[in-house]
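Okay, so here's just one chain, in structure tokens, the form predicted on its own.
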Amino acid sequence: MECKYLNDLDAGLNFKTLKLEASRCLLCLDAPCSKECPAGTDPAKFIRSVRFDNLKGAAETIRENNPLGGICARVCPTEKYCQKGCLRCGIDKPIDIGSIQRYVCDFEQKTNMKILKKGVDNNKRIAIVGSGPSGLSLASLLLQHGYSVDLYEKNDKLGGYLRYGIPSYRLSNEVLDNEINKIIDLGLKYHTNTEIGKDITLNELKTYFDAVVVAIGYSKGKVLDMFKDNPYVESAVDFLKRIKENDGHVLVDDNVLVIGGGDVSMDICTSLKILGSTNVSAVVYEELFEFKASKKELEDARKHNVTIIDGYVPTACKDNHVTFKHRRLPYQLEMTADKIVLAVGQTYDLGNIDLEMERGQVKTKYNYQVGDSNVFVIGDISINKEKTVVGSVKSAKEALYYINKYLGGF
């Protein structure tokens, strides 16, 4: 019996609803939706193509601007970016840009389009450490510009947090593999089960390659002191990875307390309900008006009857009993649960890679370069402020410019 966790919660658009949604576009001359996309995917252009039945042209626009277009279509918090700029907001509601992008990318896959091409070989070799969204995006861009690219991943499969963190009902392994295969088809050489600093050193990579790019994300869950070494407690990162690795075939507790209120917290809550937990409660630091989770993530949790208690901070924990106090009001809350999942943020884990960190970022110049070395840093641990998949694409595109400039390409 197939686990419901593997089934997409959102059925997406069909051709009729696709056309109806695209017809709502005002065809703005200045395209504020495109200006709001960090990755420069240019929704105004691909929606215009859809409106005039040019799905091939729409797919070309998406893929040429965003190497992870099919993934962003599913996981990007569009209400914070492109849809925020949509002028239909002043009339009724914004265009469902993510769903249109998803339909086009699915059409691209079903019709076996080959849009991207490997560039003419420029005799330059680049090593990328980490195969999350920033590493994959940069690999695609570099290959299109004629570079030879070797990608190093410590896990046994490529994808990073895309594979091990985002639930399958939002991003299936099939969709992820399709996106990765497009990059492999460009000539990507990849090395899994290879940890930098253990199996090969950063200095060795610096010697072998013309440039090395460290693209390690925030892969480690934060744990508050009061919850350390507690057998009832698990970090959200570890919990999501365990579910994903087992395709949802895991036993879950009946009554679960989730602490935190971002997208990861909502992923945990919805996953638990889908997998059979009876009572799932999220206690959140933010109040609902300042909620960090995306609108869609919050709606999914509510549809699955997750209890959300906002405005509370944990003050003490003994075994499976947690005490909270309200941030502003003289209220106290006590809860006992079979399981406690911490979704209070993530941090980096560089392992044995020797790079100087400062406030969660590697010390670099404005151009992502570490000092005057041939090492560059992108993604979560870089100067990039957007800790999202679309933000990772943005940092990869910016880094491409500076790597080209460093190696004499521009």
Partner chain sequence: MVNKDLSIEFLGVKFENPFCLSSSPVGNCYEMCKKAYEVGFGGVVFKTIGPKSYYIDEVSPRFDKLDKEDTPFIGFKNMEQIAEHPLEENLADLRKLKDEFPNKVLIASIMGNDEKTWEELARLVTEAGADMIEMNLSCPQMTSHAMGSDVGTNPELCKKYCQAVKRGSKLPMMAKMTPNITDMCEVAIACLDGGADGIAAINTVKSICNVDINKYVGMPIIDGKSSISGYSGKAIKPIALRFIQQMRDNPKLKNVEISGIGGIETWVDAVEFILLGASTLQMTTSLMQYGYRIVEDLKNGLMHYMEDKGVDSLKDLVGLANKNIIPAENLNRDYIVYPQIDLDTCIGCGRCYISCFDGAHQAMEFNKETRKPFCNEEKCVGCHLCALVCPVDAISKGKIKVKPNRKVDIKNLSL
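Keep in mind it's a predicted model, so treat the numbers as computed, not measured. Numbering follows the first chain given and starts at 1.
The same protein has a further form, the form predicted in complex with its partner chain, not shown here; the description that follows concerns it.
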item: In the predicted bound form, segment of 378-386, 365-373, 348-356, 44-52 with a heavy atom within 4.5 Å of its partner chain; value: 44-52
item: 4.5 angstroms heavy atom contact with its partner chain in the predicted bound form for E60; value: yes
item: Residue contact check: L87 to its partner chain in the predicted bound form, 4.5 Å heavy atom; value: no
item: Contact test in the predicted bound form: M113 vs its partner chain, heavy atoms, 4.5 Å; value: yes
item: Any residue of 21-45 that, in the predicted bound form, places a heavy atom within 4.5 Å of its partner chain; value: L27, C28, K45
